[in-house]
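In the form predicted on its own, a lone chain appears below as structure tokens.
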């Protein structure tokens, strides 16, 4: 979906004046942004900027001040209710069950579902990540970092998200593995027309996939715009795109 089409789509996620504190230390300052139906929106910024904190707040994992609306209704603070609404978080570090098989980890993504499409969706995940089919009986903890990331994304897809949130999916991965993840994200967009919110330190990866981007620095959104607009920003080019 192009940014112009997405602009006319209804908001899926609306964040208003979101602030997060860890004790007396403030991590996020009055964050406001919108993600529209079918958009791929990225939040970029350096390590420690607050990207993970932002996604954790949206998932109900940390308390916050402000307002979060999902499909124009307040998002409940309980993580399990947020998942029930269709907001699915693929966290930094993957958070797999290391002593369960790849298959079991993927099926756990569908734990709240009772429909007949689970087997078909599992096949879709195996088509996206053929290596997971080969390793479906292998313990998740014995996989490489890239394979674990594939499992984490596949598990999130098994929940049939209305909004898929990805936290640093390329962190620590070799270039060839990043390329596999990149291709899978493109296929996910084309196949499911999914709304995606990405938090990513790798700016080039984010620019490659996004309709719009927000730059988060020291807990504040300091730039926002379409990919074309952000690429023309001298500060973005110098600080994040290598000039």
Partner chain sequence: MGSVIEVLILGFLISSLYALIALGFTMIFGVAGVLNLAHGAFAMVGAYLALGALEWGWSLPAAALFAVVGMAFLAPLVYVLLIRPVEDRPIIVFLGTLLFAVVLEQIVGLFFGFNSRIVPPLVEGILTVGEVRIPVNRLAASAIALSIIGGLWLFVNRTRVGKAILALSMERRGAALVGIPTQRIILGVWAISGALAAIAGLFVGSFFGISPLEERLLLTIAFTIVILGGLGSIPGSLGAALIIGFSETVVQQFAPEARGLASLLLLMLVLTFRPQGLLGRAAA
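On a predicted model such as this, the values are computed, not experimentally measured, just so you know. Positions refer to the first chain, counted from 1.
Unshown form predicted in complex with its partner chain; subsequent notes refer to it.
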Exercise for the section: Could you tell me which of 67-75, 126-134, 168-176, 111-119 sits within 4.5 Å of its partner chain in the model of the complex, going by non-hydrogen atoms? Expected result: 111-119
Handout entry: Listed residue (182, 59, 32, 218) with a non-hydrogen atom within 4.5 angstroms of its partner chain in the model of the complex
Key = 59
Practice task
Classify residue 142 as contacting or not contacting its partner chain in the model of the complex by the rule of any non-hydrogen atom within 4.5 angstroms, answering yes or no.
Solution key: no
Handout entry: its partner chain contact in the model of the complex: residue 153, any heavy atom under 4.5 Å
Key = no
Practice task
Consider residue 86 of the chain shown here, and say whether it contacts its partner chain in the model of the complex, taking contact as heavy atoms within 4.5 Å.
Solution key: no
Practice task
Evaluate residue 96 for contact with its partner chain in the model of the complex, applying a 4.5 angstroms cut-off between non-hydrogen atoms, and reply yes or no.
Solution key: yes
